[in-house]
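Just the one chain here, the form predicted on its own, laid out as structure tokens.
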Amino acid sequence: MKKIIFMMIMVVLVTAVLTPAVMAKETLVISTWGYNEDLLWKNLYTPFEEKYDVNIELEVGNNSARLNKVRMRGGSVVDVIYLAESFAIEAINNGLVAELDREKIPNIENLYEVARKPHGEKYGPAYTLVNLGIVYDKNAVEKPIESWYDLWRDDLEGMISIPDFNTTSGPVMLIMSARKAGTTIHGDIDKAFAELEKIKPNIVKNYSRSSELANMFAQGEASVAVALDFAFFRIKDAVEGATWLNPVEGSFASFNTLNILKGSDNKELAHKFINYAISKEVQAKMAHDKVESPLNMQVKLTEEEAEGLTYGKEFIESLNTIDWKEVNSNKKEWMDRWNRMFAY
């Protein structure tokens, strides 16, 4: 009898020890932005957790801060990282990104060609395309804005907010300054900065987060901004007269990418997540909620559904691109010059 009781106790103890381990779910750690987090949980994170019976944990911040954390940890802790194009190149050059097994991500073949391998066959796809243009309050601006060069107009003094240089879209202002000066960032960079200096009276603030812009417009601090398309909807909610402009010289495209970090212990699950994030189902939900522009070609939108999104092969191919290799190779020098110029 004592032997039976002893065996029963042992079974209970062993079960108590093993059950948590057996029942514990895998955890996928994702480094991403905090923008529209509620809709991302609704359309992507929670459905993925339920589909694969896993937990998702987020590490949230802007591109620069998150990439610095990854560098300090040598690529460990985080499994999947969302990065804008220029920062993804930095991560790859720093040896932090794992090579993909593309056979485990079949939905890549459903993306537009330009999105399948923006940084080469070994690395992650773009999952969305952001469009950089101009937002302005038509009720606060005397005459319509049509061109990038209109930002230099005298009547816009103290009205404009532009992205800081160390952001996804900051270098565009230097690119357009160069063009206005009759050169390029590959040519006479001193002329580009001299032209940028001329716009300084019009700049009320450099912003580092798109979430700042809606507040600036609502408070009348800014009436014009160089901004990414996804920020427009919040600005429109804050200001009735908010208008989106694709300048006559063309807007700029910037891809947001998904990659797996070398230090990930969950590479199998990470591949599943990327495949799910670029699926027709998820991309359609994101587009309908105006969270992200779809790059999955199977997503079909009406004109109304596509309003405010970067959508359609013809439009995507018409966008200007940024030479991130040139920008990144000169980033420290140009950022120092930029910061000295705008040291308010």
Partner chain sequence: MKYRLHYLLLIPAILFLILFLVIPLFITLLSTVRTDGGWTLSRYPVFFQDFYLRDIYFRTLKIAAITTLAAAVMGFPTSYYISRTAKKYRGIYIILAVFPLLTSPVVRSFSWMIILGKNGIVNDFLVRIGFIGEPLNLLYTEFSVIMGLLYLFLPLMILSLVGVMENIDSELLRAAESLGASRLTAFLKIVLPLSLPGLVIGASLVFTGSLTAYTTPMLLGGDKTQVLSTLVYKNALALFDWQQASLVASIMVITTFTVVISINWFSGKFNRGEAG
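Just so it is clear, the structure is predicted and the values come from calculations on it, not from any experiment. Positions refer to the first chain, counted from 1.
Another form exists, predicted together with its partner chain; not displayed. Remarks below refer to it.
*Go through I189, I134, V78, M216 and name the one with a heavy atom inside 4.5 Å of its partner chain in the predicted complex.*
Of I189, I134, V78, M216, the residue with a heavy atom within 4.5 Å of its partner chain in the predicted complex is M216.
Which of these residues, T302, T46, S318, N68, gets a heavy atom within 4.5 Å of its partner chain in the predicted complex? Looking at T302, T46, S318, N68 one by one, just N68 meets the 4.5 Å heavy-atom criterion.
Which of 225-233, 159-167, 179-187, 111-119 lines the interface with its partner chain in the predicted complex (heavy atom within 4.5 Å)
After filtering at 4.5 Å, what remains is 159-167.
Checklist line | S254: touches its partner chain in the predicted complex, heavy atom cutoff 4.5 angstroms | finding: Contact check for S254: no, nothing within 4.5 Å of its partner chain in the predicted complex.
Check N107 for me: does it contact its partner chain in the predicted complex (non-hydrogen atoms, 4.5 angstroms)? No - in the predicted complex, heavy atoms of N107 and its partner chain never come within 4.5 Å of each other.
Is E195 one of the residues lying within 4.5 Å of its partner chain in the predicted complex, judged by heavy atom distances?
Residue-level check for E195: no, no contact with its partner chain.
Exercise for the section: Look up in the predicted complex whether V204 has a non-hydrogen atom within 4.5 angstroms of its partner chain, and give yes or no. Expected result: Flag for V204 set to yes.
message = Whether E99, K272 and I274 jointly form a contact site for its partner chain in the predicted complex is the question; each needs a heavy atom within 4.5 Å.
response = Result no, not one residue of the spot touches its partner chain.
Check: Mind listing which residues of 208-237 have a heavy atom within 4.5 Å of its partner chain in the predicted complex?
Finding: Going through 208-237 in order - heavy atoms within 4.5 Å of its partner chain in the predicted complex - the hits are S208, R209, S211, E212, N215, M216, A218, Q219, G220, E221.
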